[in-house]
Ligand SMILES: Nc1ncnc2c1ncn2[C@@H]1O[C@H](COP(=O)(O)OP(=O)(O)OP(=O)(O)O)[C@@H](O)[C@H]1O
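This document starts with one chain, in the form predicted on its own, laid out as structure tokens.
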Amino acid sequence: MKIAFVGKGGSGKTTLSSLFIRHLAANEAHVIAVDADINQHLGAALGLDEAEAAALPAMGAHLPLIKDYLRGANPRIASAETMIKTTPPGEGSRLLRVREDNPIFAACSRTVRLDDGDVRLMATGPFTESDLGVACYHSKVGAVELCLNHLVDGPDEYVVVDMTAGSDSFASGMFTRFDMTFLVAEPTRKGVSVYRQYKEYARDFGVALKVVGNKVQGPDDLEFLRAEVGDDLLIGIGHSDWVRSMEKGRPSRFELLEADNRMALQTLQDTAEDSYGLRDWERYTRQMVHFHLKNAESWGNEKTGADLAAQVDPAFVLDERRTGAGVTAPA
């Protein structure tokens, strides 16, 4: 299942996403962790030192490889150069699976060893010197969207994405790629303002959204959040000595995380699993096509010199039953 953590800058979304990833690994789940925030902090939150985090391969730098691999033998896509971030799969496309090995994972992911298991970590990559002043970071996260559009995941597989801050996720269709979106909000007016904006933008797209209150200091904070977000409030999380030590670079073993916080993380997992059971693959595919056609008309056709609407395979529906039949097998 695909899970996103969103929230305003400084809300603690990266910290909570890293805790959730550790929790899943401790529960022996198969996990791909994706840092889709241009400010790359997820690696450090998972225990990488500064040099290791800086050495993570950038997905944005491997976009030609990603496009060429995913295109496969799809006859509707004339070349990798005509693929854009929203290009949907069709018959002949190569699909990604959480547990497989493939050239994209080999180039763009690294294994991170946690206390209780390993996870694959992928990152969009930071701005380079050549990007400064001329590039938009959405060109970086486009590599993540393209991979999510071609990824088939099952109920016991997790793709956890630490998203860009605020409502910038709506600059593409990536916000519809998730079975559950956890919005991390502090118990302040600024903290809940991103929730209101996110809720409004996502209203017509069936986005499953739950609020995780962070930095909650007592019942008054919970009451404030409940009054502001209503039934969308899932849980509140308070101070953690374990997290404080982790942020200093001196984490203890994950099994020593406070019991109430372990229970909160289990609540997140249970909620995500319930949401996965409601996944509508036809709607999921239809939304891919919707945003692809919008991007094609807005800028894609002009940029590529091709009619990108012709890339849409009207009979294709992405779902977990696609294990290779009619789809190019991984190299």
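Each residue number is its position in the shown sequence, starting from 1. This is a predicted model, so every value here is computed, not measured.
If you look for the form predicted together with the ligand, you will not find it shown, but the lines that follow are about it.
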Report the stretch among 189-197, 97-105, 151-159, 240-248 that approaches the ligand in the model of the complex to within 4.5 Å, counting heavy atoms only. 240-248
Taking heavy atoms only, is S172 within 4.5 angstroms of the ligand in the model of the complex? no
Taking heavy atoms and a 4.5 Å cut-off, does N301 contact the ligand in the model of the complex? no
Consider K13 of the chain shown here, and say whether it contacts the ligand in the model of the complex, taking contact as heavy atoms within 4.5 Å. yes
Although the ligand is absent from this view, report whether S109 comes within 4.5 Å of it in the model of the complex, heavy atoms only. no
